[in-house]
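This document starts with one chain, in the form predicted on its own, laid out as structure tokens.
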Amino acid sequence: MKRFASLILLLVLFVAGCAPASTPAPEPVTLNVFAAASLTDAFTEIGNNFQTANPNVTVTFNFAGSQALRTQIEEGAPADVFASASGKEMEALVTGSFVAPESSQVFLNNKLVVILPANNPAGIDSIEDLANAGIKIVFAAEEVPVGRYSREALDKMSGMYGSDFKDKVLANVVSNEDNVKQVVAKVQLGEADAGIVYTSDAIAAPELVTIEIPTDINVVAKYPIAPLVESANAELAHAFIAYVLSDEGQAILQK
């Protein structure tokens, strides 16, 4: 009987030794993506898809004006990926050695559009109406990429609508916001009669009325993306950027 029990024990130990070792689950990882506020809707969808494909990864977004994000990175905020609405902000991080030279890639182009509240209380029907006395316009601040682009567009418009057009429009500006989403919010709330934002932001707020800005007086914003030199998750940062640049990622951005 004892011999039989010993044989059983040996058999159990043999089977246990032959069983395949279980593969440990990947360690949970957080990927910190700093992205321009105008990317909020598209990048949220992209982030959800990336997490589905990488179950151990949590993508944490910091959406703000590109200039604010650049400052946060320069001050030591932990970031793995930076997606900017302006090459100027990316170039500053390259100069400061936060981003490796030649590592940034343009992944998106965006244009400007005029937005109006749904009821259009000021009766604005054209770009020229932005110079009408008494209307309330909200812009992003000049240091914000979309605010800088808006003023560049006004320079072009002055060549079409008169040399004093820009001055008249700027005289109607009642607020300069920290990012493009705040411009949209002010117009949605009826606190302004008009604003200038990216086309993507207007698409994300379909209740607003829009006035297209002709190509010859518009400004095209080029968005660069890059991993941070000090990223704690370099491989994952590159994988996220690859997804943004993929056909699927580009389709989400186009949508």
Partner chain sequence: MLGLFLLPLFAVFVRSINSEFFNYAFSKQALDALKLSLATSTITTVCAILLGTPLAYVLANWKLKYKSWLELLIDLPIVLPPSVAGLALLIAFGRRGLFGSYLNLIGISLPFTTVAVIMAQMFVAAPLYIRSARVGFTGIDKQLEEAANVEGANRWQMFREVMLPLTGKTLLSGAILTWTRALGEFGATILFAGNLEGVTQTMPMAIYLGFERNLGVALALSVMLVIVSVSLLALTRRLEKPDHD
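Positions refer to the first chain, counted from 1. Quick caveat: nothing in here was measured; it's all calculated off a predicted structure.
Although not depicted, the form predicted in complex with its partner chain is the subject of the following passage.
Requested in this report: Tell me, yes or no, whether Ala68 is in contact with its partner chain in the predicted complex, where a contact means a heavy atom of each within 4.5 Å.
Outcome: The answer is yes: Ala68 has a heavy atom within 4.5 Å of its partner chain.
Report task. Answer with yes or no whether Lys181 is in contact with its partner chain in the predicted complex, where contact means some heavy atom within 4.5 Å. Result -> It does not: once its partner chain is placed as it appears in the predicted complex, Lys181 has no heavy atom within 4.5 Å of it.
Query raised in the report: Do Val106 and its partner chain share at least one heavy atom pair within 4.5 Å in the predicted complex?
Result: Val106: no contact with its partner chain in the predicted complex.
Query raised in the report: Could you tell me if Ser175 has a non-hydrogen atom within 4.5 Å of its partner chain in the predicted complex?
Result: Contact with its partner chain, yes.
Query raised in the report: Does each of Asn119, Leu189 and Ala192 have at least one heavy atom within 4.5 Å of its partner chain in the predicted complex?
Result: Heavy-atom distance to its partner chain in the predicted complex: all three under 4.5 Å.
Query raised in the report: For the chain seen here without its partner, which of 79 to 87, 107 to 115, 133 to 141, 153 to 161 has a heavy atom within 4.5 Å of its partner chain in the predicted complex?
Result: This holds for exactly one stretch, 133 to 141.
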